[in-house]
Structures are given as structure tokens and as C-alpha cells.
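Listed next as C-alpha cells: two forms of one protein chain, kept apart as structure 1 and structure 2.
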Structure 1
């Protein structure tokens, strides 16, 4: 269910910025956090937009997220660096990490950043266009060392975090934007389904008894269910492999794994990101031409249902953003209640 009022992205970003500043975020940190949370809403990533403002406000108030400062460069070579975000918001740190990777890519053809201890990064999709707008490719992976909610295939207990994976690809038209979890669903989507009193669309949870289920209430039961790896009951071994891939590249390369994570890390994330400048190995515009041909081939594939044409990843999100920029952002009743809590908590009336 949506509310009738549809506030503008500009108004919601300004409001969220004021709320974040009241809880101790500096001006540039608060602006970046609000901008990227609203960006998630605009693209339709509802569970990773302003729905997570409450968490960010409380983390700032409690000192779990730092409101100012800079990440530490731990190690560096020509085209790869390790950063420690020191519990700064990932919403603030990641755009700077992408920019640094782009600088390296201009010099060396590619740039890689591993960032550890970055608090709440939200949707990886909101950082992709920073690179694709410059004609570069980007890929990102994220894990959470203090979190274990995803089971490997064949298990009913968890050892992974949900581990989102994202890529951004420039073309001659709209970029290709992929942002997906390596679990069957994200924990935020389970909580949203629970709040909206509806079942998940497919069996994405594994109960303590080892049964696959669509019931989000099992996620808060005692003992709770856990998320299934991508592929589910039949093909989850593929998701297990991908989750290991993600955690080797994030927790392993950062040298900050689950045995190293401190209790106060909470939702602090480790992010691996890599940017490639295609002009390092091909003529300017050549990659975009090739990418556009691949996208055209996907769009021309004959659909199973003529009423549902084949879509390229990101097309729906970009269309949602265009519509919401014109008409205002549509929030569910459950999300609006969370925003009202934030408004009262910060004494900042909603737009």
C-alpha cells in the first residue's frame, strides 16, 4: 500500500540531511548519506533507501557510525589500495572510493579498492553510474564480517552475510545496472514482508528444522530461520560458490574476517570494487558500441509472454527513477511510519 502524498526527492533529501546533522553527522557526511539513501528509493530499492534512515540516525547517536573524519589508506600499490573506513558511513566513503578507483583506471587502465569497516552502504546500485557516466565499467561486492544469516547449500545454520554483487556497464544508451544478493533474498526484504504481513514470493528461508519456507515470521522466531543461498533448494550449491567468491575477495583480501570483527562493528561492511577504463585496450567508443550490440540482442530475444518483453538489468530501475523524479517518491505505509519515527526523533517535520 502506498500513501497518497508523494514528496519530491529534493525535499526528502534535504529533510534527511537535516535529521542526520542533528545526530552528529558533519555537513558533507550528512549530505552524502541522505543523497544515496534517496537515490536507492528513486531506483526502487525500497529496502535500502530511507527505510534505513532510522538505523543510520541511531548508529550516529550511539557512536556506532562516525559523523566526521576520513578513511585511512592502509596499503597502496599503483592500481590497488586497502582502506579502513574506521566506521564512517559507507554512504559517504564509497563514492570517494569509486572516484579513487576511477583515477587509477585513467592512469593504469584499472583501479581496485578494498574498503573495510564501512558502516551501512545501502544499495550498491547507487554508486554504479558514477563510473558508467565516465564511460567506465565497475563491479562491486560487499560482505559484513559481524553478520551470519545465510546458510551454505545443504545446511540449516548460517555462515555468510547476504553479500550483494553489482556491475555497471556503459552503452550508447542507458547503462546496464545489476544489483543482486547472493542469497535468495535480502534480510531487508524479509523484514519488509513481515511488516506488510505478506509471504515471500518463493521459499527463500530455511527453518531450524531444515525446511524451506516463504514465511517471514520464521525469521524472527526462536530459533530463527536463515536465508538460503542463491539457487535455493535445488541449485543452492551455485550460490554457495558465489558467496565464497564474494567473501574471499572482501573479507579475505581486507584481512578482516569474522574472527577479527569487533562487537561494535555491527553492520559495518567490507567492499571490494574495481573500475576498468576500456580505452586502455580499445579505441574510444568501441566498448560502448560492442556493449550496445549485446544489449540489443537481449532485447530482441522472443519473450515467453508477449506482454512481458525481455528487459536488461537496470532498465526497470531507471524507468522508476524517471517517473518518481517527475511525480514524487511513493512510499509504503510501513516505510512512512518509519519516517514519521525519524521526524519525531529529530524534531524535523516531514515535508
Structure 2
């Protein structure tokens, strides 16, 4: 159920910036945070859009998220750097990290940033086009050292955080944007199913007794169920391998693991991001040509259901954005109530 009013992205971003300023974020920080939350709404990643503004405002007010300052460069070698985000928002730090990685890619062919202690990162999808717009490929992984909610294969207790994985790829047309979790489902989807009193569409949870289940109520039971790694009951060793890939490349390389993360780290994230400049090893334009051939091959695959053409990652999100840029953003009544709370909290009337 969406509300009738469809405010423009511009108006929502300006309003959110004012709210974030009022909770102590500097102009640069507030602008970047608002921009990348609204970017999530525009792409249809609604659980990672302005729905999370309230969380960010409270984190700023309580000092969990810093509103001022700069990430520290902990250590570097030509084509890779480790940053400590100093509990600044990922929404502010990551665009700067992508920019730095792009510069390294121009110089060395690839550029890699590992960023630890970044507060709310939101949807990785919103950072990808910075690289693809410049004709570069980007890969991102994110983990959360103070969280353990995903089980390795064969276990009924959790050791991984929910770990999103994303790629952005330039083509001759619109970019390919992939942003997915490495578990069978995301905690947010379980909570939505719970609120809507329906079962999950497939067994994505493992109960404390060790049973795979579709029942979201087990997630809030005592003891609670945990999320299964991608692959589930049959192939979960593959998802476990991918979660290990994510956590070795983020927590391991950042030298900031679960034994280092303090309780007050809360949701602070560690991000691996890498940009590749394809012109380092092929002629300008060659990569986009090859990438477009791959996209065409996917689109031309014969659909199982003739009414459902085979989809390329990101195509739906980009269409949603185009529509919302033209018509304004659709907010659900539930999200709008959260935004009304923010408006009162900051004394900044909604657009």
C-alpha cells in the first residue's frame, strides 16, 4: 500500500539533508548520506532507502555514527589501501573510497580499498554506477564483524554476518548492477514475512533443532533460528565458501575481526571494493562490446515461461528509477510514517 503523494527525489534528498544536518552531520556528510539513501529508494531497494533515515538520525544523535571527520588511511601499497572509517557513515565514506579506487585503477589497472568501521552502508547497488559511468568494472563485498546470523553448511548455529555481494559492469547500453546476499534470504525479508503473517517461499532458516524451515516465527523464537547459507540443505557448502570469500577478503584483510569488534561497534561494517579499468588490458570500448554480447546472450536465452523474459541483474531497478525520477518516489504508508517521525524529531516538515 503506497501513499498517494509522490514527492520528487530532489525534494526528499534536500529534506533528508536538512534532517541529518540537525543531528550534527556536516554539510558534506549529510549531503552524501541523503543522496545515497534516496538512491536506494529510486532503485527500488526500499528496505535500504529513507526507511533507514530514522536509524541514521538516532545513530548520529547518540554518537554511534560520526557526523564529522575523515577516514584514516591505515596502511597502503600502490594499488591497495586500508581505511578506518572512524565510525563515519558508509553512505559518506564509500563514494570517496570508490573514487580513490578508480584513481588507482587508472594508474595501476586495478584499485582496491578495504574499509573497516563504516556505519550504515545501505544498498551496495547505489555505489556501483560511479565506476560503471567511467567505463570501469566494480566488485564489492560487505560484512559486519559484530553480527553472526548466518550458519555455515551443516551447522545449526551462526558464524557469519549477512554478507551482501555486488558487481557493476559497463555495457554499450545501461550497466549491469547486481546486489545480492550470500545467504538464502535476508533478515529483513524474514521480518517482513513475519509482519505479514506468511511463510517464506522456501526453507531459508535453520531452527535450533537443526531443521530447515519456511516458518519466520522461528526467527524470533528462543532459541532463534538462523539464516542458511546460499545453496541451502543440498548445496549450502557453496554458499559457505562464498561467505568465507567475503569474510576473509573483508574482516581478514582489514585486520579487524570478530575478536576485535567492540560491543559498541554494533552494525559497523567492513567493505572490500575493487575497481578494474578494462582499458589497462584491452582497447577502449572493447570491454563494453564484449559485456553487451554477454548481456544479449542472457536476454536471448529461451524463457521457461514465455511471458517472463530472462532478466539481466539491475534492469528492473534501473526501470524503477527512471519511472520514479519522472513521476516521483512511491513510499509505502509504513515508510511514510517513519519519515513523519523523522520530520517531527528534526522539526523539518516533509515535502
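Numbering follows the first chain given and starts at 1. Note that the coordinates shown come from a computational prediction; the quantities given were computed from them, not determined experimentally. By rigid core we mean the largest C-alpha set that fits within 1.5 Å across both forms.
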Query raised in the report: Among the two displayed forms of the chain, which is the form predicted alone?
Result: 1
Query raised in the report: Taking the rigid core as reference, does residue 171 move its C-alpha 2 Å or further between structures 1 and 2?
Result: no
Query raised in the report: By the 2 angstroms cut-off, has the C-alpha of residue 142 moved between structures 1 and 2 once the rigid core is superposed?
Result: no
Requested in this report: For residue 198, decide whether the Cα shift between structures 1 and 2 is 2 Å or greater, given a superposition on the rigid core.
Outcome: yes
